[in-house]
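We begin with a single chain expressed as structure tokens, specifically the form predicted alone.
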Amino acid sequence: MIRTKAEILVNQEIAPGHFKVVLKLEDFSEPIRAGQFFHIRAGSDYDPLLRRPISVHRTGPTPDIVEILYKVVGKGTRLMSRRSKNTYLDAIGPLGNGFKVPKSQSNFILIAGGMGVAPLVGLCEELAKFRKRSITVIIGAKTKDCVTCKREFKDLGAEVIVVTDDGSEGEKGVSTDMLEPALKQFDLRKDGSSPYTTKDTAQITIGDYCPEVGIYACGPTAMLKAVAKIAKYHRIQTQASLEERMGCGIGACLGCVVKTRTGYKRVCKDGPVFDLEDLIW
């Protein structure tokens, strides 16, 4: 983690109210993992006072090039959207813990709601480096105009499923509506039978399931709760990047704690990526 000056190389609106920024970090060579974030001062002074935590979207050809995505939702992000090329942002990072992919997994479902697509593109890039891995990406958005990153996922070889609230693109509904159908492509039990055809699924134990499938999620709390319920039923390991308001970004202010099975954890320091089964909603 370092504090650095970040030169804006690109600040482009890619969808209504959605922006992509390419940053060049001064004197920076630290490794960045998918799921980590930077704490960015949005204005040129101390108004607004608090920094904005923004996930790393993807990294560039050199360690000092970073892409981030953000949506204009308040004063800070509105100020960022007005920043021009060759100006500088004050950034601290990379912060937090990223996604951890078990070597045993060969099939992946990435599910995003809204701006939850941002960190999952970087994760998809990491997964695409390994051959013989299947990647399914479910993107949920309000309307067709709000669908982002579809082309990036497809270029990485992923199967992409789009869901919109109004049905203007893809299926009508929410992203979690498509999670069960996406899981049907896998034999989730080691003996090859599927829980979808098992009469007494209540008696299936954790050991019955194949560990080769993993779910990786990012999005609103309501979406993550629904993902957790489905993952728990099918006993699939699931990691999620949480979206929380943060004050300091380094674990000192305790403003972003969440309840887990081992006590309260700080999203900025202990996360933002957690095993979903460890969270208590």
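A residue's number is simply how far along the shown sequence it sits, counting from 1. Remember, predicted model here, so these are calculated numbers, not experimental data.
A second form of this protein, the form predicted together with a small molecule, is not displayed here; the remarks below concern that form.
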item: Contact label in the model of the complex: Q105 to the small molecule, heavy atom within 4.5 Å; value: no
item: Contact of S134 with the small molecule in the model of the complex (heavy atom, 4.5 Å); value: no
item: 4.5 Å heavy atom contact, K232 to the small molecule in the model of the complex; value: no
item: Proximity of R52 to the small molecule in the model of the complex, heavy atoms at 4.5 Å; value: yes
item: Site test, K75, R245 and P272 vs the small molecule in the model of the complex, non-hydrogen atom cutoff 4.5 Å; value: yes
item: Stretch from 82 to 90, 162 to 170, 112 to 120, 147 to 155 whose residues place a heavy atom within 4.5 Å of the small molecule in the model of the complex; value: 112 to 120
item: Selected contact from A226, L69, V213, V66, since only one has a non-hydrogen atom within 4.5 angstroms of the small molecule in the model of the complex; value: L69
